[in-house]
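First comes one chain, alone, set out as structure tokens in the form predicted alone.
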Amino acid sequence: MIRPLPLLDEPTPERSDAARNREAILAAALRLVEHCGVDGVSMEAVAAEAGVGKGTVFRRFETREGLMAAVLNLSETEWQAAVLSGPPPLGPGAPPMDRLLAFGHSRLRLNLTHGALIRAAGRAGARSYAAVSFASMHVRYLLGELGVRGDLPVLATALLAPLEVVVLEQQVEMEHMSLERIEVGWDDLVRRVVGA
């Protein structure tokens, strides 16, 4: 009897116990990050909190960076869902300018909140192409809805750059700017790009 070989790009289905362990580990890691801060989270502590062996955590995520990247990805996924289908003004139903401003404020606060997590994820936590593309496409879409003319991909990049964690942390920690001041400045930049 000849059995066909699986296709290379065909994902291997996850076993139900492996899926439960993954969810338990991620939930435990998130609880520990919220309770102890990112620097207080170790693979051993996550394993104990999740009720699994340390080897299970290492097999699943390989490194602490990999685990922190997975926790970061959970947050990114939740944020994207809020942008796509959450309540206005971040989600659909508000005028495009209100949505764009809400988007910037939300991204700014999310990046500052997760700055330590982004650093802990290291290379594994570098924002994926999909995450960067999502933010850029959403901003380009809103600029188009606002009737902005010009090179929308470049304009979207210009609007997103000030929202990156490295820029925000410099402004908050080194230049002692308040979040409100940064938001007002970003709003001004948006209005100048839009021409409102």
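These figures come from a predicted structure and were not determined experimentally. Residue numbers here begin at 1 and follow the sequence given. Throughout, rigid core stands for the largest set of C-alpha atoms superposing within 1.5 Å between the two forms.
Beyond what is shown, the protein has a form predicted together with the DNA; the following relates to that form.
- Segment that reaches the DNA in the model of the complex - one of 132-140, 160-168, 27-35, 60-68, heavy atoms within 4.5 Å: Of the stretches listed, the one contacting the partner is 60-68.
- Message: Residue-level contact is defined here as any heavy atom of the residue lying within 4.5 Å of the DNA in the model of the complex; does D17 satisfy this criterion?
- Response: Residue-level check for D17: yes, a contact with the DNA.
- Taking heavy atoms and a 4.5 Å cut-off, does G144 contact the DNA in the model of the complex? Output for G144 is no: heavy atoms all beyond 4.5 Å of the DNA.
- Message: Taking the DNA as it sits in the model of the complex, is G55 near enough to touch it, meaning that at least one heavy atom pair lies within 4.5 angstroms?
- Response: Answer yes; at least one heavy atom of G55 falls within 4.5 Å of the DNA in the model of the complex.
- Message: Residue-level contact is defined here as any heavy atom of the residue lying within 4.5 Å of the DNA in the model of the complex; does M43 satisfy this criterion?
- Response: The answer is yes: M43 has a heavy atom within 4.5 Å of the DNA.
- Query: Comparing between the shown form and the other one on the rigid core: C-alpha of R181 shifted by 2 Å or more?
  - Reply: R181: C-alpha displaced by less than 2 Å between the shown form and the other one.
- Any CA movement of 2 Å or more for A24 between the shown form and the other one, core superposed? After core superposition, the displacement of the A24 C-alpha between the shown form and the other one reaches the 2 Å mark, so yes.
- Task: With a shift of at least 3 angstroms, figure out whether the C-alpha spacing between E65 and T157 grows or shrinks in the model of the complex: closer or farther?
- Result: Relative to this form, closer in the model of the complex.
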